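Encoded as structure tokens, the following chain is the form predicted on its own, with no partner shown.
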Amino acid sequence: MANHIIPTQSKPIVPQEGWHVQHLFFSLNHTNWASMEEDQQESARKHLEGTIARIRKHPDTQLLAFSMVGPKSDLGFMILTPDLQDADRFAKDLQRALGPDVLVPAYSYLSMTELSEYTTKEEEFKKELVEKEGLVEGSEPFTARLAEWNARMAKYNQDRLYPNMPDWQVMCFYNMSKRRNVEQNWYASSFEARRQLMSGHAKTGRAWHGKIRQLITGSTGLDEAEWGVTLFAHDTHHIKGIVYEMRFDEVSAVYAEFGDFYIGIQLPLKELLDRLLA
């Protein structure tokens, strides 16, 4: 039997593009927390604060913290970082930060930032300029419009792969997949049919610009569904509104399967821990 070789030192696991994203939700074991002496609680709280601060200082890493609404969980984190090794270490450090069995995992989700396969390509946009706008390829107006489009797409792609997450108060997370039923198989549809449906779906989303910040992350092969959806808003009415409105799009009404929804409130760390550990 061949010997299994154990690496002597972990190597970074960094994807060729994008970041790893972890959503972590914990429940507080109130019995274990209450059993700790006051000085132990204070020390544990400082340790959690220090752990969060250390992770937030790590290069190319973002850590968001949430007070979770409802009994599904008490405390939530969203980690964005390039190296899967770091994502794994950070998750374990956070779970242990208040002491053994104080923060109990309630739910987690692993995904990655990614580009949409349905985004318009440069050759397609050039064709639109000629056929829909009547511009002559190579002309000054054509070249100017193409340069403007390329700049806009470069920023769009950068924001999709390496996003800067907002400090908006309300966070909603859920996972979703596309159906594979006999009469509702998303993956048996042609690319053009899928692209047309996604175009209408995106148009609905754009109507919520300024009210909703959205990040779609891919999880095929990484977790139980195919995508993770993270929404940020200042008003729960807008979270409720965009999800309701998008369900009437054919891409959702016919093909979408949704997981549980998790709602969190993004707070300053002191206020968050006061609420959690009161």
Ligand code: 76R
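No experiment lies behind these values; they were computed from the predicted model shown. Numbers for residues come from their place in the sequence shown, where the first is 1.
In what follows, reference is made to the form predicted together with the named molecule, a form of this protein that is not presented.
Although the named molecule is absent from this view, report whether Arg206 comes within 4.5 Å of it in the predicted complex, heavy atoms only.
Close contact exists here: in the predicted complex, Arg206 approaches the named molecule to within 4.5 Å, heavy atoms only.
Residue contact check: Ala233 to the named molecule in the predicted complex, 4.5 Å heavy atom = Because no heavy atom of Ala233 falls inside 4.5 Å of the named molecule in the predicted complex, the answer is no.
field: is_contact(Ser67, the named molecule) in the predicted complex, heavy atom dist at most 4.5 Å
entry: Result no; Ser67 lies far from the named molecule in the predicted complex.
| said: Within 4.5 Å, heavy atoms only: does Ile216 come near the named molecule in the predicted complex? | reply: The answer is yes: Ile216 has a heavy atom within 4.5 Å of the named molecule.
Please state whether every one of the three residues Leu75, Val102 and Val104 places a non-hydrogen atom within 4.5 angstroms of the named molecule in the predicted complex.
No, none of Leu75, Val102 and Val104 comes within 4.5 Å of the named molecule in the predicted complex.
**Message:** Only one of 197 to 205, 79 to 87, 138 to 146, 104 to 112 has heavy atoms within 4.5 Å of the named molecule in the predicted complex; I'd like to know which.
**Reply:** One stretch meets the cut-off, namely 197 to 205.
- Task: Would you kindly say which of Ala225, Leu48, Val229, Leu63 lies with a heavy atom within 4.5 Å of the named molecule in the predicted complex?
- Result: Going through each option in turn, the one that passes is Val229.
- Listed residue (Met36, Ala44, Leu28, Val243) with a non-hydrogen atom within 4.5 angstroms of the named molecule in the predicted complex: Spelling it out, the residue with a heavy atom inside the cut-off is Val243.
Practice prompt. Between 154 to 181 and the named molecule in the predicted complex, list the residues on our side with a heavy atom within 4.5 Å.
Written response: Heavy-atom contacts within 4.5 Å come from Tyr156, Arg160, Tyr174, Met176, Lys178.
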